[in-house]
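Taking the form predicted on its own, here's one chain by itself in structure tokens.
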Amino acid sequence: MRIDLHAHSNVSDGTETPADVMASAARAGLDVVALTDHDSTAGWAEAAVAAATCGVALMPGMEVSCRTEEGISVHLLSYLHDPNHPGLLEEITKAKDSRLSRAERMVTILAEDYPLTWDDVIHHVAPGATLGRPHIADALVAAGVVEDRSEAFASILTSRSRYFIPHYAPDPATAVELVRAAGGVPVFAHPVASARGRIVGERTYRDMIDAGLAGLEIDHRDNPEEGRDFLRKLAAEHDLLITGSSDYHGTGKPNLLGENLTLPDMLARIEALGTGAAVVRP
């Protein structure tokens, strides 16, 4: 089986609809794909319908944006949680609202130096999507300021830029507890991706594991090899799941569906642990 447990649609910062993500997964020869949009499950229903016609099983998921007290960004993948669980829903709604107000403030500052308006950004956001920096990047590309999203994030939209404004995000351990309470399976996404910014230390891993962390996304293009060795030892020590994935964003990133995969026994463990939703099989 070919299993990719991390993909995004235009419900967050991907460029394809949920149905198109499923179709792309079929063309990539996948048997199972997880739809893990940022702080949103709005694409689940469309992807579930498409699963039947595409012949690819859907793992319903979400990527929860978190931040440590030191200000380090952490992404937590949640699989098979109840999308209507009050505690988790309240927290991700708070984060989404903060992303929106943050984006508005960033555009106001950017407009002082670049030909950019709020309407330009909204033009790139699908109805009901979680708005974020990638949509600002798309507007900058359309305005001819940068060539692509990668250039935008490497320069104008980097966290070290004067235009950057942080948004609210829960503590990682709190997010793990909420995912577990919602019947979900929490997996730490690309934990040692140092090229993305600062990475967490031992205390954060310990706190997340104590809170119920189920696994680590190890086979991901942004995890350097030496970091993967550390993660595999940690997983063995604490009997954590190991996943692999593409972190697919359509044309928004160079990542390709199926470039990293999850083993079938790990999928089985996730299904055994998740009680809030179920894998949708064709």
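For every residue, the number given is its place in the sequence shown, counted from 1. None of the values given here were measured: they were computed from a predicted structure.
If you look for the form predicted in complex with adenosine monophosphate (AMP), you will not find it shown, but the lines that follow are about it.
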Query - Pro60 within 4.5 Å of adenosine monophosphate (AMP) in the predicted complex, heavy atoms - result: no
Query raised in the report: Can you check whether Pro134 is within 4.5 Å of adenosine monophosphate (AMP) in the predicted complex, heavy atom basis?
Result: yes
Report task. Look up in the predicted complex whether Asn84 has a non-hydrogen atom within 4.5 angstroms of adenosine monophosphate (AMP), and give yes or no. Result -> no
Query raised in the report: Any chance Lys94 has a heavy atom within 4.5 Å of adenosine monophosphate (AMP) in the predicted complex?
Result: no
Query raised in the report: Going by heavy atoms within 4.5 Å, which of 170 to 178, 85 to 93, 199 to 207, 98 to 106 lines up against adenosine monophosphate (AMP) in the predicted complex?
Result: 98 to 106
Report task. Name the residue from Arg221, His238, Arg228, Lys253 that puts a heavy atom within 4.5 Å of adenosine monophosphate (AMP) in the predicted complex. Result -> Lys253
Query raised in the report: For 51 to 84: residues with a non-hydrogen atom within 4.5 angstroms of adenosine monophosphate (AMP) in the predicted complex?
Result: His75
